[in-house]
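Okay, here we've got a single chain as structure tokens, the form predicted on its own, with questions on binding and movement later.
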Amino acid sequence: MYNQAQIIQLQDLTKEYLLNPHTIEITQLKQLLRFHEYQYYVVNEPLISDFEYDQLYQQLLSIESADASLITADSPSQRVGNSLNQNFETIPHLVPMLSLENSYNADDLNDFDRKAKEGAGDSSIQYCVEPKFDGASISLVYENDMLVRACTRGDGVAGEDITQNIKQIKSIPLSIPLSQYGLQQIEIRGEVIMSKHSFARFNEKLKEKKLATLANPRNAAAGSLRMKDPKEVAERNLDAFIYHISYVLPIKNGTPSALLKTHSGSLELLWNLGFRSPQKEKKLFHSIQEVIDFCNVFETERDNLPYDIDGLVIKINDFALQEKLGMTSHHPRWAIAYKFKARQATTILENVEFQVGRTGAVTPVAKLKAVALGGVTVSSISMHNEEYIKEKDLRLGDTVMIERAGDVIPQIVQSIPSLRKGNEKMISFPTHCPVCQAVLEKEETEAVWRCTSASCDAQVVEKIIHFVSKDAMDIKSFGEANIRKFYDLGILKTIPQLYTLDFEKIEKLEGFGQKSMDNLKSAIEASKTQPLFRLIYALGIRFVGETTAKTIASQIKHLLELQDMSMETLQSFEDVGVKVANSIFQYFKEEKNIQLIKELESLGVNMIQTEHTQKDGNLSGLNFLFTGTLVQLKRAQAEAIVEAKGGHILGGVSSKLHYLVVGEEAGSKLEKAKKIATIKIITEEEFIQLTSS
């Protein structure tokens, strides 16, 4: 429908408009909306984020509301969806599938509440709030207890027949006990999703087959519904939430269930019928302020869910009031979607910088045209390694989709090759260190290129930064910026110099008053008495994390005992395998490392194991590992309970593991543990019972 030149032209116009929203004519605005709807609904390759599309759409509504004469029959505002993919048969919905009006702040919700109360003539409205699932909308029809058809949302009036594909989703029953609730026919709506865990596992399979990975769970779910082979759909392990009953036909002389008087009741009915409805997720509120407060809290918790959501849906709970309020041609007046801050955006990959870490690892960092995302401005994103660049086919000048989710670290989701103009450039990975020019090397088993010079300025600085960090020696008041400043000025060139700083020079620097000096001196002095495991971790030995550092510390009395230990002895420690043992062994064979340790000891840094794991707790001698998302406890809390009761935390699944505690969306650790008969697999609830005695 659109050729390459048209796609690029329309995308350029989109970006120009988003920067200057008052410079476009309404005819062009409608054209842009039709184009992006086509890319989303038909091609299934969106070129802008949902938030950016909403900006276009909201501007159109604003223009048309100010001048009704500008509304045309073919305006995107006059229909609820867009054209369908002609590869599937089109079937009409029993009741049109309308869109929801979107809101982004408390003012929008207060305005919705005001209009609802005025229209309903009722000042005491109860609201039902549920997650807004980020997937693909579907409509299902059951007759005489059997699933008879399933279709996509389509243009809202008719959708594509995807019945065979829907039958591959195990959370959608093929038959339901409609007759028990006095019903002969029912039309229901929901969202097909792919959980975060299923998405990650499916992408791993694609990588193993050397195939392109999927961009995100939402696109994966939407693309799955249009696949030609239902067997391929089944492989994607899709799920579905059913959240709305749009039509019911009672059995002749039958009485429909009393649950069909409220929306919350309908969710309960759907649950009773065997669907995964948001029955457990829904919340009821008696004021819009309670709704607003809940939206603000829930937005901070969204990443703890096993599936993606992009907001919350607020509905008037009483069906009689819903009917009284009615709907516009586009959306119901009794519901509104509260959209969370944007988590995706498109921007330009302008440049790549190569940074060197404390282990010599060279990391490419994308320099982007600054873009607002999730409440912050993003201009830099790590691209991890050379393989990452090749896998995502990233080039200088590319338009890229970026995302900020989960741990709030931005990432590049994908490049958009269809927007290339021909002047994009391949990204060349360096052969020499960008800081010291030493030759870069890469081990066969790794994807990372490393600088081979231990004296590389970048590595030295990063090692000092790691040494003072919170989880290591925890030298407060000594931030990364100060370390870099001191290094450049020649005040701090090695780790031991942390304990011999020339404070006379430092106090002459701008920003260092007496209080700052006193705090820094106190923090440095306090670090000398840190427990041994912190020092071991602070040394930055490859593959030795906090857990392994605790294991090593528990097996020795003095740090330099490790100098005389064999590989076999090191491997006898809990959770220390060949790779970790070899790294420790090689570290303590380097004379410069021994000299570093001796110099730190001469400066008063603790080298002796003074802390001992409690041995008389009810978990004494037992090894634990956690996988998946815990609901009642945070991971750190659970691990602290184990250690406080004499147990030990392992870093991975092995024959030394006694208990694997499994949370929601457990990963590969669970599958591996199932193959070892001696490992006891327990739930979080069983863990709490085990540790409460």
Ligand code: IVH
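None of these values were measured; they are calculated from a predicted model. So that there is no doubt, residue numbering starts at 1 and follows the sequence shown.
Omitted here: the form predicted in complex with this ligand. The next part is about that form.
- Interface residue remark: G577 is not counted as part of the site for this ligand in the predicted bound form, having no heavy atom within 4.5 Å.
- In the predicted bound form, no heavy atom of A220 sits within 4.5 Å of this ligand.
- Among residues of the shown chain, S137 is one whose heavy atoms approach this ligand to within 4.5 Å in the predicted bound form.
- Although the partner is absent from this view, K315 contacts this ligand in the predicted bound form, with a non-hydrogen atom inside 4.5 angstroms.
- A heavy atom within 4.5 Å of this ligand in the predicted bound form is found for one listed residue only; from E130, D239, E462, E403, this is E130.
- With the partner removed from view, the residue among A438, L570, I292, L100 that has a non-hydrogen atom within 4.5 Å of this ligand in the predicted bound form turns out to be L100.
- Using a 4.5 Å cut-off to this ligand in the predicted bound form, not one of G545, F626 and E639 places a heavy atom inside that distance.
- This chain is displayed without this ligand, yet in the predicted bound form the stretch 240 to 248 from 487 to 495, 602 to 610, 240 to 248, 473 to 481 comes within 4.5 Å of it by heavy atoms.
- Within 4.5 angstroms of this ligand in the predicted bound form, the stretch 185 to 208 places a non-hydrogen atom from E191 alone.
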